[in-house]
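First, one chain by itself: the form predicted on its own, in structure tokens.
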């Protein structure tokens, strides 16, 4: 199958199978006795996608994926995100991609044998646990969660928060980032360990909501560690390398985040245009009003400009590495959610009350995108990075040109 054929097949699957079942998924979720597992319709769609080979697109074929490059994967990220839970249908949730990659590169063989294949097959799920409630997440080197070695074991104590997907029945292990040597250099303080769900002393705390949505079954929860003991063999990589391993997975994640925001914006544009052409007010369709057409035009300009920037960054990252596009990555992390929120907000406004309800996906998408402006580094942190890089570039230019 050519790459263009693959794009068309994913697009068809989203349009014919995933989007038409959104209402059914929400109904099943509301009626379920257990909301923290896949709904029946999601299980059905995941099985269909896997049978078609629409699975783990950027993961190597030997692990059960399609082995796509970053530039090949980027357009699929947009299409999958026409629906909030779209990436999950293809086992392409960002956490699944990054955790599969981390396990394949850094986990010891005994952990790979037990967890990697079921994770890639979609039989289980995983969760990376980084955030701590009383530590600003904008600088992960300040994390205080205690991982202490005692003989052949690590002992974990503390509370992790915002563990995305941690409450799902399918989540069978947690990759936990914690301090193994708080006195080491800032980027060598932390290590990553694998904690099985059944570990004694591990319990789930409160379920977080985002603007009223608990995002079941994929939502966020606290993880409480009370003298949890795991073998030293559950270390991922080497001691002190946890921060660097976490950073190494950001490339694909940032592109998926950016193109995912574009996908949400395109869905909002589709909902908005369909609505304003048929919604009658005062005997005229909404689309007859200039304020509406102006909003549509602005949205198209913003979406296309943002997409072009992300795809350009993707090509450079693939050719030159992540370090070469550090500034661009920071820019797209700020820009893409802002664009998506603008378009989603316009669509919400023109829909009126319907735009705030489950009658459309707009409100839920808006809540998700608003979270992205804080998660994985707040906008302010990334703008600070952008400014520092620009000031350095300008100073170098002045020096080179005798200014």
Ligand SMILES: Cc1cc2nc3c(=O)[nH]c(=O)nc-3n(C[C@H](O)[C@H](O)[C@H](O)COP(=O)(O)OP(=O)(O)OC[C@H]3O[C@@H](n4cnc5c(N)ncnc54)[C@H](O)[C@@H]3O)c2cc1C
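Just so you know, these numbers come straight off a predicted model, no measurement behind them. Positions refer to the first chain, counted from 1.
The form predicted together with the ligand exists for this protein as well; it is not shown, and the discussion that follows is about that form.
Distance criterion of 4.5 Å from any heavy atom to the ligand in the model of the complex singles out 376 from the list 48, 376, 345, 338. Listed residues 243, 162, 225, 154 were compared with the ligand in the model of the complex; 162 is the one with a heavy atom within 4.5 Å. Residue 37 falls outside the set of residues with a heavy atom inside 4.5 Å of the ligand in the model of the complex. The ligand in the model of the complex is not approached by residue 386, whose heavy atoms all lie more than 4.5 angstroms from it.
Though the partner is left out of this view, residue 19 does not reach within 4.5 Å of the ligand in the model of the complex, counting heavy atoms only. The closest heavy atom approach of residue 380 to the ligand in the model of the complex falls within 4.5 Å. Between 84-92, 225-233, 272-280, 125-133, the stretch whose residues reach within 4.5 angstroms of the ligand in the model of the complex through a non-hydrogen atom is 125-133.
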